[in-house]
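The data below hold one chain only, encoded as structure tokens and taken in the form predicted on its own.
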């Protein structure tokens, strides 16, 4: 498969380009709004062509799929342009700045007959799949509550617009809460219906929130507590699932690497749960490639991306209004 890159991003260089090449795929071009950045990026990563705009790159052709990792406000117009050019699309989260844009992207892809996927990488982790399998097998009985701790420290080279540009989609809610929404949906197999939240700035945000805590009500009656932050250098990350028959404690699993530990605690005692340590991004690309061939679906579909965005937007609205907010599942 031949890929084009919309955005000369860090995630593409550190994770996605190696994942594409692990499958023998070619990265044909990179497009950036900064032509000099595109040229240097292409040279640094062995990419044959560089363009100063996505429109110019799409006109040049030569790709089967486009990976979008630009700033958030560009996702929708870039995805629509790629779809119109007949390319399959793998888009970073959040899909768009609002639900209408996200829905339009997915609808246009369906009409064009191309694969459209959201790059929610955590679904591809062996650790998360092991947790999901434990829950599905009834290892903890009826799920009563869940805690997602995703308070990390955003490294300097990733800060920039994420901490100071609301117009570009900055803030911890679109950056991390949207991931945690997809994680909860993936693990529990249900969608949050109502949220309440508080947000704030704790040393990094400049005009956007850098920390948020929220509580989500699930249709089953389970409750979820989620904590996301850019400002916690030593907190680590964790997922806990507590049920009538046991609890799952997963430490260090909210990450881009296949690491962490899972422990299941029941009346029979404690046991460590093994899981596959495969590369998350290589697995995500594998599933996307299979979907393009007509076999199965991407790990996270466009609808998954829409629904994670629904939850994140509800969390932000709840934090700003001080009210409980129903998640909008609309049409």
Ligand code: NDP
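This structure is a prediction, so every number in the text was calculated from the model and none was measured. Numbering follows the first chain given and starts at 1.
Quick note: we don't show the form predicted in complex with the ligand, though the next part is all about it.
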Kindly confirm or deny that 11, 37 and 281 each have some heavy atom within 4.5 angstroms of the ligand in the model of the complex. yes
Though only this chain appears here, would residue 32 touch the ligand in the model of the complex if you measure heavy atom gaps against 4.5 Å? yes
Contact test in the model of the complex: residue 129 vs the ligand, heavy atoms, 4.5 Å: no
Please run the contact check for residue 229 against the ligand in the model of the complex: heavy atoms, 4.5 angstroms, yes or no? no
Indicate whether the ligand has at least one heavy atom within 4.5 Å of a heavy atom of residue 108 in the model of the complex. no
Using heavy atoms only and a 4.5 Å cut-off, determine which of 123, 179, 88, 150 is in contact with the ligand in the model of the complex. 179
Determine which one of 99-107, 239-247, 141-149, 157-165 lies within 4.5 Å of the ligand in the model of the complex, judging by heavy atom distances; exactly one does. 157-165
Across 58-73, which residues bring a heavy atom to within 4.5 Å of the ligand in the model of the complex? 69, 70, 71, 72
